[in-house]
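Presented below, as structure tokens, is a lone chain in the form predicted alone.
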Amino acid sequence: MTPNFDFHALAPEIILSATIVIVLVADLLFADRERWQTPRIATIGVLASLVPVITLAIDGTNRVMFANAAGSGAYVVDPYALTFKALFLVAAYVTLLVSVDYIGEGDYYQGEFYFLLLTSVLGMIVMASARDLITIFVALETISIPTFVLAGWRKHDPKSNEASIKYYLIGVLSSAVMLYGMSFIFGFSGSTLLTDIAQFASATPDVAPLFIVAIFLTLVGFAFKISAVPFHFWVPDTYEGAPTPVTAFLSVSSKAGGFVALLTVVYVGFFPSVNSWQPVLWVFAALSMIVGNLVALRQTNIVRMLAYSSVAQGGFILVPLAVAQDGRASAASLEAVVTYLLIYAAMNLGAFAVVIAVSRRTRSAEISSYAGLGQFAPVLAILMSIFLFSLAGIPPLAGWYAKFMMFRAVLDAGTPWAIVLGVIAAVNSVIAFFYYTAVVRQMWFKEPAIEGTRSVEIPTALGVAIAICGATVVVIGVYPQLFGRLGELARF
């Protein structure tokens, strides 16, 4: 490969890397009373990283680095990569907003928190451009390793320690399985470039059984990253035990990072061998929707409910990919997954931001503690209702458009197995409606759990985060062409 560097294309990674170093040094040099500077530096760095993403999008040129003789590169900056880089940076900005008061008011190490958070985000924006198995693996580990530590950030809380250990052990195991599968793929194709792997799969109609096993092992590793059933066991305990801003980050950014890796590997590398990967993803999608929604029905803790909801939403996102076919249906499937991920980020981040705001007053994550929220914090209750109804796919909120794109991909595929999966998704959409509306019913039709409850005081940064997510969900629901256009552009 030719080691050419395009510094404009690498500008987001360079700026974010510089921010990470500055945050680390600032934490070492500032006195305790000045440590509020570290979240401010982190926020400025994330927003600055967005600037070259915008300029690259305006330029519109596909940039390929570390290319082989055929012109295929290991690192590509194209509309697909830029769309997800923007998603990761905006999600990181919102996460910083919901974190600043939560971390500042608690007994936490602040500088290290932002250092680890930004390091994970760096892995995500590298992942968006990765087109090589080695780069993908390194990016995934850069995403995952900091989050192992962040999940256990409440060091004196046994639940937080348990969350971190479970997440770490299952994460290490899944990485080993995935790397084992990748090693076999390299052995068969003779290359780690995804385009070379696709050529091997195209030129070999009768794929060796061991190659199919290698693809399966690789997909199992990704299944952990996106918390697909049956590799979801870490999710409820990790989400409940981790600090809530970390939970929000894991449920959106970390999950999206795993989906970007999965999309890239499948569409660029494995697509010609469709019968090797599609049945596996079909099973993951069906099980994730069924198990996630049925278990969420029985939850009494809102964080655990949102954890299982996240598992189910991952199943919905997998549906278009699990039914992808050649030609127009393939493009529709990719567009549906990208659009769903973008909308899901706004819905879920907003829901967790409200959970953080309410818990500042009630000191509880039980769903029963939301009783009467509409009486003493009507704005929060309205916004939480918006996020939950959007997750359920109720018009005219953004979630309906995500579901519409998913079902359109199923109809475009048109195969019997695609229709069956579409029916499963429809039934599970109805099931999900029940547990989302159970929370809404508590907020609007129950008396307050705490007598004399005062209105909830929302810090400015947290309020801005909730407002951004709420506005995004409403605007996209009313004018879905905005994100639909992004979904169309984000293609390989």
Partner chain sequence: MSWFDDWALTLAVFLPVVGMVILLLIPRAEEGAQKLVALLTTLVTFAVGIGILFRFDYNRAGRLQFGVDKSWIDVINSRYHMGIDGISLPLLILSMFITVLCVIYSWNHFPEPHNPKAFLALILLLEVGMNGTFAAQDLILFFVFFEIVLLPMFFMIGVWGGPNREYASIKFFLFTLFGSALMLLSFLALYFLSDVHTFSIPALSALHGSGIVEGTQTLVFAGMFLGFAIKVPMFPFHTWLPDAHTEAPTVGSVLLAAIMLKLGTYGFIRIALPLLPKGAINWAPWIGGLAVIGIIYGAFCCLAQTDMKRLIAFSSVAHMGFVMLGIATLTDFGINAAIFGMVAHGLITGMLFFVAGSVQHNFHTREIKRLGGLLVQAPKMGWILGFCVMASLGLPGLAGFWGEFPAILSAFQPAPGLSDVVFRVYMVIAAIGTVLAAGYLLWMLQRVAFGTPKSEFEDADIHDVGLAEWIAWTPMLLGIVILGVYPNLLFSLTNPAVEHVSRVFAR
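These numbers were taken from a predicted model, which means no experiment stands behind them. Positions refer to the first chain, counted from 1.
Another form, the form predicted together with the partner chain, is not on view; read the next lines as being about it.
J.: Among 459-467, 45-53, 431-439, 22-30, which stretch has residues with heavy atoms no more than 4.5 Å from the partner chain in the model of the complex?
T.: Only one stretch qualifies here: 431-439.
J.: Is every one of F407, W444 and Y479 in contact with the partner chain in the model of the complex, taking contact as a heavy atom within 4.5 Å?
T.: Judged in the model of the complex, F407, W444 and Y479 all sit within 4.5 Å of the partner chain.
J.: Is F389 close enough to touch the partner chain in the model of the complex, meaning at least one heavy atom pair within 4.5 Å?
T.: Result yes; F389 sits at the interface with the partner chain in the model of the complex.
J.: Although the partner chain is absent from this view, report whether P396 comes within 4.5 Å of it in the model of the complex, heavy atoms only.
T.: Result yes; P396 sits at the interface with the partner chain in the model of the complex.
J.: Taking heavy atoms and a 4.5 Å cut-off, does Y308 contact the partner chain in the model of the complex?
T.: Contact check for Y308: no, nothing within 4.5 Å of the partner chain in the model of the complex.
J.: Report yes if any heavy atom of W400 sits within 4.5 Å of a heavy atom of the partner chain in the model of the complex; otherwise report no.
T.: Within the cut-off, so yes.
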